[in-house]
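Just the one chain here, the form predicted alone, laid out as structure tokens.
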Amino acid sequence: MSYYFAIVGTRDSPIYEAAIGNPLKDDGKHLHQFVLHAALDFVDDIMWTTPNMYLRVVDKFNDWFVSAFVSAGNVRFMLLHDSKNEDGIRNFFTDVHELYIKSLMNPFYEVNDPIDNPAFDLKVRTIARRFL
């Protein structure tokens, strides 16, 4: 299984990115970024039609699926994956959202700044191992 996870800020720029598991097939990081960025339009459309934060699969590209989760502050959590695991992905998003909220409570962090904290990265990867 392979995953590419990104947290996209309110200005449509990625504030955190991680390739989790085996590398995804095909080109590489730039293609994964492109697929997630292309799915942002679908996320923006769907988030206004449902009261849920977890939007499930919002787009499909070849054999890849894009799942999304939107926070109350319109920060989008997006996961590019090659297999469906709805419950695991929902739990992954919920725990990473909680971790993101904890980092927001840091008085030195400003919204939309890149998250380059190694402890945050390690915790995201640990959550991914548990649920994905």
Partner chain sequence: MDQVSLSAFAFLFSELVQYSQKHVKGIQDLEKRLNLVGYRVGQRLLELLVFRDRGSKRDVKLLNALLFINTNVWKALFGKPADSLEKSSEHDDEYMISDNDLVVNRYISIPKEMSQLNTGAFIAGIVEAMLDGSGFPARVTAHTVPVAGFPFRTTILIKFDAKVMDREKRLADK
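Numbering follows the first chain given and starts at 1. Just so it is clear, the model here is predicted, and its values are computed rather than measured.
Not on display, but discussed next: the form predicted together with the partner chain.
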Out of 81-89, 30-38, 44-52, 58-66, where are the residues with a heavy atom within 4.5 Å of the partner chain in the predicted bound form? 44-52
Does any heavy atom of residue 110 come within 4.5 Å of a heavy atom of the partner chain in the predicted bound form? yes
Contacts with the partner chain in the predicted bound form - residues in 77-110 whose heavy atoms fall within 4.5 Å: 97, 98, 100, 101, 104, 105, 106, 107, 109, 110
